[in-house]
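Only one chain comes next, encoded as structure tokens, the form predicted alone.
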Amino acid sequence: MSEILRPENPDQLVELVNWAVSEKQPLKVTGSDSKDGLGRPVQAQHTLSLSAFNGIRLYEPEELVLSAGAGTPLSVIRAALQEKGQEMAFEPPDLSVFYGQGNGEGTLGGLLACNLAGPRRIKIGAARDHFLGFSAVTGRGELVKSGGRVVKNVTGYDLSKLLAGSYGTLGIMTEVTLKVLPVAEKLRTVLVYGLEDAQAVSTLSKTLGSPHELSAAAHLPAAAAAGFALPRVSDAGRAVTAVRVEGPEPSAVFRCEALRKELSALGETEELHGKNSQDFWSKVANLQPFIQASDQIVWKVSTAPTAGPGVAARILAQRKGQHYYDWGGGLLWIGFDPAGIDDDGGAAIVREALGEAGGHATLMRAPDALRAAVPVFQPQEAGKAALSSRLKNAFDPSGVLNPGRIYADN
């Protein structure tokens, strides 16, 4: 069983990392373990918990900036922002239920380390685009700071962009700062029923290019829609295509009406208001169709939106599964039932299906043995692999921080 180490301040953390380097003891770095199933399994005798690096250190609603300990639960961050009518605009998903770890138990540092973003990414960017600065301890046992508490202070090398998506393999963040934004006054979601994948994604592409300023666009085939546990979606009995508008009430209402009028030629339409609309997009972000099917192997496939339906068709022609689209069709979520002891989880099928379309695929959920046996993240071509290796060596030359979390040899 792994020993849990709980440093209480940055000095203790530096001391622990220096000990790990000198004793050649790898560390599994964690916040709340809510995303332990994301990435390759880390083999380490010692787990380094950031639970003591907890709490909001600075929140200036007027300046749209918040700083907090990396181990602060997302539920605490969301509650503080909600009180001031603000939010993390990149709409981060809560994957704790998806990974079977309870609800709302993820941490702010873990969210940024994995660079997670939800449906609004198509309009406002990823987590790294809202990540202003941090304090961290590298694998060299050095305390470093980067960025600042306002956008104009982010000069020189923007290391925040580097640590976002590094999965704790380059540095252990102790405090992070991010930009926040006001919650939209009103949001409306327009639903169109019964479209096939190709027609739906084509429609999403057209509406995203329209003057209606969509903030989210998704398509749920009938099987995925049935698992949404939301009126007018799960009981529709057919595919559901959804687009969202946000903003001041007169603008949101006007754009919603215009969208329904334009989309009515394709099929029956409906609209979701307020909480129902909010719940719908939370379920899209939180991978609702795969929560009940907890044994399914789940892949995240990113490709050009126009290529998405073709990629999905090639995959599903070879292996039965359920799927849905986010980000206007550019993000394909697909789940397979396990298929036996020699199963590669669909890795060969998924990556071959990308083919000329290009893109990348990530194994988001699978048993530990499978995640250790197949490439969880898209294999890198030689130049990128060499660059990744040099970065790892620069920040963590002894390989003590989450070794093998992304790639087996890095």
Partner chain sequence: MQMPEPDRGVISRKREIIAALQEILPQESVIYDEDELRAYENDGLTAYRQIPLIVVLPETTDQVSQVLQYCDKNSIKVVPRGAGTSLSGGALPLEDGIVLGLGKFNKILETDFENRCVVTQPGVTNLGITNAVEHAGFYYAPDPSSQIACSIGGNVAENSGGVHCLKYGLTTNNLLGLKVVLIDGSIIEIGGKHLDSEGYDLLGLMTGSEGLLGVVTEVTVRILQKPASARALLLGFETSEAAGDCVAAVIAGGIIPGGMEMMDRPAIHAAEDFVKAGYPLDVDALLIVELDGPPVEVDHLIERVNEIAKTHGAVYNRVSESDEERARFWAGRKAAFPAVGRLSPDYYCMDGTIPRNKLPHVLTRMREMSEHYGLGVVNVFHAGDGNLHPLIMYDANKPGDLEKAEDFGGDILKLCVEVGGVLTGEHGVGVEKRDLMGSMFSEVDLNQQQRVKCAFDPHSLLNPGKVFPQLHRCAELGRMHIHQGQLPFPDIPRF
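Positions refer to the first chain, counted from 1. Note that the structure is a prediction, hence the values are computed from the model and not measured.
Keep in mind the form predicted together with its partner chain is missing from the figure; the text below concerns it.
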Practice task
Please check if Phe377 has a heavy atom lying within 4.5 Å of any heavy atom of its partner chain in the predicted bound form.
Solution key: yes
Problem - is_contact(Gly100, its partner chain) in the predicted bound form, heavy atom dist at most 4.5 Å - result: no
Problem - Close approach of Pro211 to its partner chain in the predicted bound form, 4.5 Å, heavy atom - result: yes
Practice task
Find out whether any non-hydrogen atom of Lys384 is located within 4.5 angstroms of its partner chain in the predicted bound form, and reply yes or no.
Solution key: yes
Practice task
Consider the chain as shown here, without its partner, and state which of Ser277, Gln288, Thr174, Thr169 has a heavy atom within 4.5 Å of its partner chain in the predicted bound form.
Solution key: Thr169
Completion exercise
Only hit among Ala80, Ala226, Ala258, Ala126 for heavy atom within 4.5 Å of its partner chain in the predicted bound form is Ala126
Exercise for the section: Tell me whether Asp36, Glu268 and Gly310, taken together, all sit within 4.5 Å of its partner chain in the predicted bound form, counting heavy atoms only. Expected result: no
Practice task
Name the stretch, out of 161 to 169, 278 to 286, 69 to 77, 228 to 236, where some heavy atom lies within 4.5 Å of its partner chain in the predicted bound form.
Solution key: 161 to 169
Practice task
Would you give me the residues of 113 to 141 that have any heavy atom within 4.5 Å of its partner chain in the predicted bound form, in order from first to last?
Solution key: Asn115, Arg121, Ile122, Lys123, Ala126, Arg128, Asp129, Thr138, Gly139, Arg140
